[in-house]
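What follows is a single chain, given as structure tokens, in the form predicted on its own.
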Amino acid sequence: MYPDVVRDERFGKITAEDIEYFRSVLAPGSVLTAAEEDLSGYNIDSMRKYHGQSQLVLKPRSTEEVSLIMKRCHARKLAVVPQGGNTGLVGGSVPVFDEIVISMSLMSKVRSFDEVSGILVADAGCVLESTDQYLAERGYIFPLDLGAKGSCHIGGNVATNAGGLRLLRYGSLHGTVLGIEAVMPDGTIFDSLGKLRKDNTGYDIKQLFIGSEGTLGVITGISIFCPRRSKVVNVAFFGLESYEKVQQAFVKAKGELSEILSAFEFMDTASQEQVARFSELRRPLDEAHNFYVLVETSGSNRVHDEEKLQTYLEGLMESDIIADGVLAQDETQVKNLWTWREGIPESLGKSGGVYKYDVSIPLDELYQLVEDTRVRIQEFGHDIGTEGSNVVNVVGYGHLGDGNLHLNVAVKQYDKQIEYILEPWVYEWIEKRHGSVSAEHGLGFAKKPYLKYSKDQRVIELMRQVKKVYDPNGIMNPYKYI
């Protein structure tokens, strides 16, 4: 599962004394050993592609307990892997060898919420969906929405700089996260849980933790700016015949919907056919189209918003940009339409294995990668489709608003030949367009060899230097991209 990787002998091996120490500083039931329990759930990633060998899982309940854990690990050179909901797609949240897993699942309290400023302070182990529900009761919204929201942790979201479905409206976590509390590799507590939206006092150190994937420290808490929840949400779903028309629809959406535009998701016909195979819902449009777009608006005035969206759709029809469309009439239809976008990953997984490439590409060439991938797959003797043993299904969808493409290559089972066809070819293709090999989810283990396709060697060396300053023993999430 981890080719060409050898355990680093600089790291210590867990002893009975270590386990006894952890039992003495953590609450009962917070120390799980392989001798006593099945730890497979902590050792396998969500894609079931990477399998670690951790013999010890620790479940702290406070930042102080994390500090005590890290002091011991630093002194003994015991390697650790911070783990949230373990929903990542690049093997970044699971061990490679016998690293200690620090599970944040018991640190799940909201510490404070200011209903005037909208600033939330919460433990890193808070589940995204539960946190959003807490905010909804107070008229606010968490500025991030993901398909895995029912199980992912907000600390893990920050650690991977998750983008999600509504980055177009709320921006990235680099802008909304106001402060971070983290435990450094030596056990020192980095307390920067600021609640100020403006603080221009030197280096913004917290930014290094956003997207660091647990390589610099253990994020234990965050403060984040949460916008008011919109009173009115409208969703439109329409079909288009070319990627060029998808781009035209996006340009018009930015111009005509502007302040109420919260999502602009595009999907190709292959993705919708896949969802239809595993869904009992009736398809939104009667006829098939080459592309589909889901537009969401969020505002405060129903009449105003509906008029703007209706005018936008009529303009698209008159300009022959869209072939057909539907506007959700109630909340049930809103949820049903979103299913045709959010249900894509799950439906692909039901077919077997999936090679996922979550990348950023300039908009004009975004979908070209999908088309070129299909050609390459066929050049190596495979058919494109969903039926048959030699068939590969190549699907493209994503967040057009931020240039984020989800290229998914679905197979009956993981196959080294398919992997050889795709890698590093996909990343070389992206490098030529000055794109990014990771738009979301981070780099983890899966993309470790491909960082060079997005980052200059001098930048990579600077990253190594930062890692060495923060983690001189290299015990934080080793064997990954740094």
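Each residue number is its position in the shown sequence, starting from 1. Note that the structure is predicted; figures quoted are calculated from it, not measured.
The discussion below concerns the form predicted in complex with another copy of the chain, not included here.
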Exactly one listed stretch (101-109, 202-210, 271-279, 330-338) reaches within 4.5 angstroms of another copy of the chain in the predicted complex by non-hydrogen atoms, and it is 202-210
Non-hydrogen atom contact residue 324 with another copy of the chain in the predicted complex at 4.5 angstroms: no
Does another copy of the chain come within 4.5 Å of any heavy atom of residue 52 in the predicted complex? no
Contact of residue 63 with another copy of the chain in the predicted complex (heavy atom, 4.5 Å): no
Proximity of residue 467 to another copy of the chain in the predicted complex, heavy atoms at 4.5 Å: yes
Tell me, which of 384, 317, 184, 146 has a heavy atom within 4.5 angstroms of another copy of the chain in the predicted complex? 184
As a check of understanding, the residue in 371, 287, 379, 191 with any heavy atom within 4.5 Å of another copy of the chain in the predicted complex should be identified as 191
In the predicted complex, do 116, 169 and 196 all put a heavy atom within 4.5 Å of another copy of the chain? yes
If you apply a 4.5 angstroms heavy atom cut-off, which residues in 420-457 are near another copy of the chain in the predicted complex? 434, 435, 436, 437, 438, 439, 440, 441, 442, 443, 451, 454, 455, 456
